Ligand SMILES: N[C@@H](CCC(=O)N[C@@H](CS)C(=O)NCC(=O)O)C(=O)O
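Single chain ahead, by itself, as structure tokens, in the form predicted on its own.
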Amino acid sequence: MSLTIYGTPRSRAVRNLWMAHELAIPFVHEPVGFGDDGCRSPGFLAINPNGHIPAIADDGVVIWESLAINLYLARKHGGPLAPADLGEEGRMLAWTLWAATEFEPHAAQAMYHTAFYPPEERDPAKAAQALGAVGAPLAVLDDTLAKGGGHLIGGRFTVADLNVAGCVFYLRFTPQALAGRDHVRAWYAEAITRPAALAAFALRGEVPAPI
């Protein structure tokens, strides 16, 4: 097997590095960065013509989008992170799409306008709006975790948990977003301190912490 993961760890590629460590599979990491010398370079555009990281090449199969990559790796390699049947696969797809559409855009805006943008570019109104918008999906997530015994599917840690936790990571600068969401807090703390997560985030020079 020859798996290559493209993307700097200080990007969504960290989700794929985390997944590869969870699966304990061999891989080559190409830390492609941003800009004309990185993901916009002709060499990388031949891999992902969208010019975004991450991407993978796996025995001739090229896939973009961090969350889709993780679903593919889980399906290929099996084990407890993978779906046990078609029903679980459908629910893993649903939670992954939920993370990408219902949750991540708002959580990202909250992060940008509280921590990532230069102070002069931050808009407190946009940060407040984003934090308000994550409230409803967080309520859904908290209720699901309460009913599911601390995991999203099958009473165990799966690729769905990893993908959603990779998006909740954006709230690390705004812990007030998780006020009263005790099930989310406990679930996220367990996920982000797994050995595979620690190994992946070490490539960023970070030790991930509970929110």
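Remember, it's a predicted structure, so these values are computed and weren't measured experimentally. Residue indices: 1-based, along the sequence shown.
Below, we refer to the form predicted in complex with the named molecule, which is not included among the displayed structures.
- The stretch that touches the named molecule in the predicted complex, counting heavy atoms within 4.5 Å, is 38-46, out of 181-189, 151-159, 23-31, 38-46.
- This chain lacks the partner; the member of I53, V164, I56, L171 within 4.5 angstroms of the named molecule in the predicted complex by a non-hydrogen atom is I53.
- In the predicted complex, the named molecule stays beyond 4.5 Å of every heavy atom belonging to N70.
- Along 6-21, these residues reach a heavy atom to within 4.5 Å of the named molecule in the predicted complex: S11, R12, R15.
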